[in-house]
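Next up: just one chain, as structure tokens, the form predicted on its own.
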């Protein structure tokens, strides 16, 4: 076999997979979003934008990502540093922290629903402590800020491990000599973190942020479990148009909006966290 064709043959299965399961469905969604019986149209995007729920769902999605992702970045970096520095029990601790990865979005939402619902753990604890006189419906439509906090907490608990695994792998690639050399020259722990570790961790942090932000814009099951329709999000509206309103054209338009937002933030992180040439380990 010619050595020049071998790389292309090895890439062929992945290329076919990408074409069949991504490019072809994407083309179908784009066709559905931009066409109707008369041909090309932007009517479905106008219908989407004119609906009263669209701006609410858009800003709820953005605010959730803004509230969740920065907290997860700080937590994942802290946890990754702790795991990396542990001499004993490292694997056990990492396993415990990554348990939420094995839990589906809906199951995570139901778990946190058992905490916040009227007969749940939070009400029982507050009643037992004498803080409240009777159980409170924290997740009612009148307390959308509580629903928002509950969803944010559920997402932080469920998905921080995604970033943690990536950052632990990234820290494992950084030679310890860099940190030791900085310590010898009198750098404090904070200076070593800010000037040595984080710059060398940039490729892993870039990957973790891109993956987590994309997933944050696709949040749905946790919101459905905890908030129902009280806190609209973009993915929830996509589901409603597709299955409740039976309008696949507008659902496709919403899916393209989510994709566009994800691509925009991906390009942003690729730009901001790009690794300078010659800076790789």
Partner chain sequence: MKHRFFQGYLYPSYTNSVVTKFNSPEAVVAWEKFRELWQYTNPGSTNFSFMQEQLLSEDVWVAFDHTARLAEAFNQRPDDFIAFPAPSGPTGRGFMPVIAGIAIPRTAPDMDGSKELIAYMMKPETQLATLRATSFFPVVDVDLPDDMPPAVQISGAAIAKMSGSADANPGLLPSGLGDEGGKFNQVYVDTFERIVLAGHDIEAVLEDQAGTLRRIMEETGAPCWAPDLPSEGACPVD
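As the structure is a computational prediction, the values presented were derived from the model and not from experiment. Residue numbers count along the first chain shown, from 1.
Keep in mind that the form predicted in complex with the partner chain is not shown, yet the notes after this line are about it.
- Although the partner is absent here, residue 228 lies within 4.5 Å of the partner chain in the model of the complex, judged by heavy atoms.
- The closest heavy atom approach of residue 63 to the partner chain in the model of the complex falls outside 4.5 Å.
- Using a 4.5 Å cutoff between non-hydrogen atoms, residue 119 counts as a contact of the partner chain in the model of the complex.
- When the partner chain is considered in the model of the complex, residue 245 lines it closely, a heavy atom lying within 4.5 Å.
- The candidate spot formed by 52, 137 and 141 lies fully in contact with the partner chain in the model of the complex, as each residue has a heavy atom within 4.5 Å of it.
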